[in-house]
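One chain comes next, on its own, written as structure tokens: the form predicted alone.
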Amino acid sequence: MTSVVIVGSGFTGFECARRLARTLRRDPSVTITIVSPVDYMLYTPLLPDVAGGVVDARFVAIPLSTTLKGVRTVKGRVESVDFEGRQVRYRDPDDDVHTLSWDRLVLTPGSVTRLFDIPGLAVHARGLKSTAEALYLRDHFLGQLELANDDGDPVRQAARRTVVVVGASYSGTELALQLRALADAAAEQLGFAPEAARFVLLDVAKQVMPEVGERLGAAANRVLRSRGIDVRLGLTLKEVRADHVILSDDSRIDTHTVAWVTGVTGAPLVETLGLPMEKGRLKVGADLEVAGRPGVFAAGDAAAVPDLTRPGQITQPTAQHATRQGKTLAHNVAASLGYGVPKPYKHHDMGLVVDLGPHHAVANPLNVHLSGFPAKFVTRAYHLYAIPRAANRWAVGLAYLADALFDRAVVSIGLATNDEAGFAASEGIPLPGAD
């Protein structure tokens, strides 16, 4: 028997497993196993919609067991790899340690939130990389709005109604605008003025969403400002406390809600493997094979994949690249087993879609710049197309319809606790500088 072991169930690992199972479905001598801390693939582009109360968290989780036919799924976190003995060591949810033998190893552990040694950041801020973080942000913010209504201290009341989002890329921008829409619904239902809810969006960059280009970035900036978002560029956090933050220009903002959505780095596993690295990611060739390690492949956010369309650069950690690299991975792993010939990963950017809350979006499909309603239609249509399961597509589509026809529900239901939504808990990593 030949064993293929895939580490991680993100976009890359999921797509690789799905395509590989289809290619090898008539070869009973090959087993495919995917090892992941969770039993689903998370459709991360819709996490801002989860935080904003548009989409239920279940609808962005694609179950592995019912979607990956012909693939064995193992729930556990890979801790180490023995390349000489060709085994992976993983820990299951009961904290028991197991090993798996492999003939082909696919490393797609994904990424974690990139944190800096900012006092209080790991303790008082939250990210947007998991459903727990998205649900916690939603419930925490709604809880603060409810507390503000009964708070007799005007300074503390204002702080409870203030949100600071760090990171003006598409995830941070989407999050700020979805929380803005949630605050508007809460203002109507709880009886306070919508302008009392304050949103501050920070980024060290000089432009909002530089990844979509200057023209669409400017359009997004106009939407942000029209929705009352205080956009401050060239700034980041210097210190985070329970009731305020200090910015890099030494100014202070009183707030009880801080979202850190400012970039990712390769999963901690990759640094323990002793393999060549580039910019914190595993170094691979254009065929996605790790140099000097026959039978070992890597791609996605954890790999420095050469960008053949931009010589000398590596591909960006986006869902678009991750999905397409998964397809190339499946092709090349199958080729290493005698099915076809390997090919290099080469993908031209097909553009981005960014949902900017009610009635607004920007998109540049095939380099066609869109904003307003056409962009909104393209953005939501793209997500419904890209979600890899019919049941989830239907559920998200109905959620979009409900959001268009009805007010958003303003109720905090306590699905995620502060501890569960912490960076260490949601990503399974120790954090430096936590206080």
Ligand SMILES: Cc1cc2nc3c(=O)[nH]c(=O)nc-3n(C[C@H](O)[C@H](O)[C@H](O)COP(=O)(O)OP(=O)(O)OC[C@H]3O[C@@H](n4cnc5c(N)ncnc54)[C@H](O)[C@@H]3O)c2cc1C
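Start at 1 with the first residue shown and count on from there. In this text the structure is predicted, and so the values were computed from the model without any measurement.
The same protein also has a form predicted together with this ligand, omitted here; what follows describes it.
ask   = If you check 322, 258, 183, 208 against this ligand in the predicted complex, which one has a heavy atom within 4.5 Å?
value = Selected option: 322.
With heavy atoms only and a cut-off of 4.5 Å, decide whether residue 318 touches this ligand in the predicted complex. Looking in the predicted complex, residue contacts with this ligand include residue 318, since a heavy atom lies within 4.5 Å.
May I ask you to state whether residue 50 is within 4.5 Å of this ligand in the predicted complex, using heavy atom distances?
Contact check for residue 50: no, nothing within 4.5 Å of this ligand in the predicted complex.
Exercise. With the partner left out of view, is residue 37 within 4.5 angstroms of this ligand in the predicted complex by any non-hydrogen atom?
Worked result: Answer yes; at least one heavy atom of residue 37 falls within 4.5 Å of this ligand in the predicted complex.
Going by a heavy atom distance of 4.5 Å, is residue 104 a contact of this ligand in the predicted complex? Output for residue 104 is no: heavy atoms all beyond 4.5 Å of this ligand.
Do all of 86, 297 and 336 end up near this ligand in the predicted complex, with near meaning a heavy atom within 4.5 Å?
Result no, not one residue of the spot touches this ligand.
**OP:** Look at the stretches 358-366, 166-174, 289-297, 136-144 and give the one with heavy atoms within 4.5 Å of this ligand in the predicted complex.
**Re:** Result of the contact check: 166-174.
Using a 4.5 Å heavy atom cutoff, which residues in 1-28 contact this ligand in the predicted complex? It's fine if the answer is none.
Residues within 4.5 Å: 7, 8, 9, 10, 11, 12, 13.
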